[in-house]
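Only one chain is shown below, in structure tokens, and it's the form predicted on its own.
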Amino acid sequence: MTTIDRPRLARLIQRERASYLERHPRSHAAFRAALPHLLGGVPMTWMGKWSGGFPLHLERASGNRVVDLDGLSYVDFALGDTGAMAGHSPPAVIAALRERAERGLTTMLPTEDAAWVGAELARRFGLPLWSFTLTATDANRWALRLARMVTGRPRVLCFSYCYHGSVDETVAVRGPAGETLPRPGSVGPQVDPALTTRVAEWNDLASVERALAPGDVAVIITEPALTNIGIVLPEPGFLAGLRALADAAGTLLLLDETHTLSAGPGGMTGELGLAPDLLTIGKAIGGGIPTGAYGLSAAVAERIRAHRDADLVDVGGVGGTLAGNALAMAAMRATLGEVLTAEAFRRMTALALRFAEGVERTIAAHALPWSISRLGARAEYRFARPAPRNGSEAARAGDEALDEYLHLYLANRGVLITRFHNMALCCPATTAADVELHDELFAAAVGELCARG
């Protein structure tokens, strides 16, 4: 296997940083102008995680193209880290938003769109009853509260290096003795996560069984594949084993399909015929408008109804004034009905397969100890081979210097991938030529990195 020449990598990064600064004077100036009044110089602190020292600033975006303040255009494989899985400003969504905006954005009244969206989500995911939120974080947070209520149990089980938004109970990792620890870098957790959470290791059913043994876990919360630590796919039998262990322990199973929707119209739940008790989703189903949703099995819904003292219509801890607003419902109806269709997923998945094959050819040509994993329309390369099989292995495979080099090399030549990791997503507007451009640039970047002399 090829060993990376670290001094050479450092020189290449410096070259790409200089090029990035030279190419983006207006974005740099906008970033500096924001520093006195925006924390970190950006509207949300995670926007500052950008190779090159400052983020590109948006001028416009359409389909799978982004144009920055300096007038430079990019093929966008980041797509809002799945928030723009439908592409930027899909015409069907824009038309629905325009029509809805003229008739009222939010009134605390239901619209007919909501029932349509609920029925469509039920068709895709198999859970009959749905409620809406503003984000997937909200959906997860409220679903966890409902799970604790109906089971009468206090704890949540998650997986090491999972991602479910900023839900306190899930910002945790498994320690060397199986103990629950705050995830490194966790900001001001409300309480020690050991009081609320047990943590298992992905693809390790024995660790799940041990975590469930005390009988105090209300719900297992997981993505059907880990995504935000790099794509970590479930091994054969793992998801079925989770379902069986949950049933044996009297514990509910919650699947978060926010990122794994890339697998198909019904996410991995639909593709694999999974049977969760609760399901959460967000981002992509709104076509760029903030939204989220959680679905409930009939059995869970019946258990919720049995708690007649639970305040689900006022200040009991579940709900938000803008959740399920008319604008979001119109966006979801247009996105699900006209953009993220089964045919669109077939095209997106085929392109992502070509993307992954191109990356694998370059990895093999240079005998690099890297790998690429794919989940439907989503692909991601990791600096480990074989591919990590759990979150802890994936975390150890991180390499900030390689990330920066590849991100900058691509951005300086007109291609964007997700800056949090090396994820590429195909949307309905992505073309074969876009994939081929990434193939060429990735091969050139790796070729320079591995060149002799």
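From 1 onward, residues are counted along the sequence shown. Only a predicted model underlies this, so the values are computations on that prediction, with no experimental measurement involved.
Same protein, other form: the form predicted in complex with a small molecule, not shown, and the subject of what follows.
Undergrad: Go through 191-199, 352-360, 258-266, 211-219 and give me the stretch that gets within 4.5 Å of the small molecule in the model of the complex, heavy atoms only.
TA: Within 4.5 Å of the partner lies stretch 258-266.
Undergrad: Please tell me whether the candidate spot formed by N140, H164 and E223 is one where all three residues come within 4.5 Å of the small molecule in the model of the complex (heavy atoms).
TA: Affirmative, all three are within 4.5 Å.
Undergrad: Report whether the minimum heavy atom distance between D81 and the small molecule in the model of the complex is within 4.5 Å.
TA: Within the cut-off, so yes.
Undergrad: Indicate whether the small molecule has at least one heavy atom within 4.5 Å of a heavy atom of A136 in the model of the complex.
TA: Output for A136 is yes: heavy atoms within 4.5 Å of the small molecule.
Undergrad: Does at least one non-hydrogen atom of N228 fall within 4.5 angstroms of the small molecule in the model of the complex?
TA: Judged by the heavy-atom cut-off of 4.5 Å, N228 is in contact with the small molecule in the model of the complex.
Undergrad: Quick check on R333: any heavy atom within 4.5 Å of the small molecule in the model of the complex?
TA: Because no heavy atom of R333 falls inside 4.5 Å of the small molecule in the model of the complex, the answer is no.
Undergrad: Between R382, R124, R174, K283, only one gets a heavy atom within 4.5 angstroms of the small molecule in the model of the complex; which residue is that?
TA: That would be K283.
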